[in-house]
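This document starts with one chain, in the form predicted on its own, laid out as structure tokens.
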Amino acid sequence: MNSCFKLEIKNHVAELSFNRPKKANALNLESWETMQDIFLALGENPEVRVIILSGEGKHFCAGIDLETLMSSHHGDSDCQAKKNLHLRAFIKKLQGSISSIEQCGKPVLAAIHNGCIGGGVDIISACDMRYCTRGAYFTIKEIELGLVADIGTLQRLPTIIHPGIMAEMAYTGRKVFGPEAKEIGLVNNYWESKDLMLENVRKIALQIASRSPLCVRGTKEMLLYKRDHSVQDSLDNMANYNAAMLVSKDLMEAFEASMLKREAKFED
């Protein structure tokens, strides 16, 4: 495991945390690449049914490390077109790293405390649910740096919060704190402290982990499909999915457990 991350798997819940506290959990290029590898591995690990993403130290995540950002503009060539291709490849690499969160077949719950800045907002936008502390704040910092946010926030956040609020955050870079974040639907809930937040997020994760892994994976797939398609296309896709996946051991186990009034036990 890269030292920039901590990972613990227990009771089918993977707890992954950013671990660069001296850098406010800002991610260098190696960390971005490692994050993609981690989510790919967790998605394929049958022992893992749900993931909690949090941050060590004072802040959740300050996005991209500034040294990494500044070095991204330079290619080895003296040809401007080739330098531009180099920069495009760099942007696509970071986009792919964040998309790996969304593409992971397991639900990802972001547990956010204090700063969620710039690329940190891109990251949580790709998570399935978001929770935070009262003192947590969210800022699309790129506008203050003379940049257009380019790795997911402008594409995903408008499907999560009202477009007008989204535009205001993007144009001003202002901080949105925990209570307002819940009010606008950016987070599901907030708590007074990080410990209390993690305690409650773990309860939610365990509840998800107790459900059929097949059904949880399928539900995530259907929700993401609907986000990007019409209702009719989504209904057709749902029919095709359940025609292939409806009859399963998990379905039989859920019915039997319900009839016998016992807790269902699903295979990994």
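Given the structure is predicted, the values throughout are model-derived calculations rather than measurements. We number the residues from 1 along the sequence you see.
In what follows, reference is made to the form predicted in complex with a further copy of the same chain, a form of this protein that is not presented.
Among residues of the shown chain, Asn188 is one whose heavy atoms approach a further copy of the same chain to within 4.5 Å in the model of the complex.
Remark: Glu33 does not count among the residues lining a further copy of the same chain in the model of the complex, judged by a heavy atom distance of 4.5 Å or less. For the chain shown alone, Lys182 is a contact residue for a further copy of the same chain in the model of the complex, at least one non-hydrogen atom being within 4.5 angstroms. Contact between Ser248 and a further copy of the same chain in the model of the complex is found at the 4.5 Å heavy atom cutoff. Among Asp37, Asp236, Glu44, Glu199, the residue placing a heavy atom within 4.5 Å of a further copy of the same chain in the model of the complex is Asp236. The partner is not shown here, but in the model of the complex the stretch 218-240 reaches within 4.5 angstroms of a further copy of the same chain through a heavy atom at Gly218, Thr219, Lys220, Glu221, Met222, Leu223, Tyr225, Lys226, Arg227, Asp228, His229, Ser230, Val231, Asp233, Ser234, Leu235, Asp236, Asn237, Met238, Ala239, Asn240.
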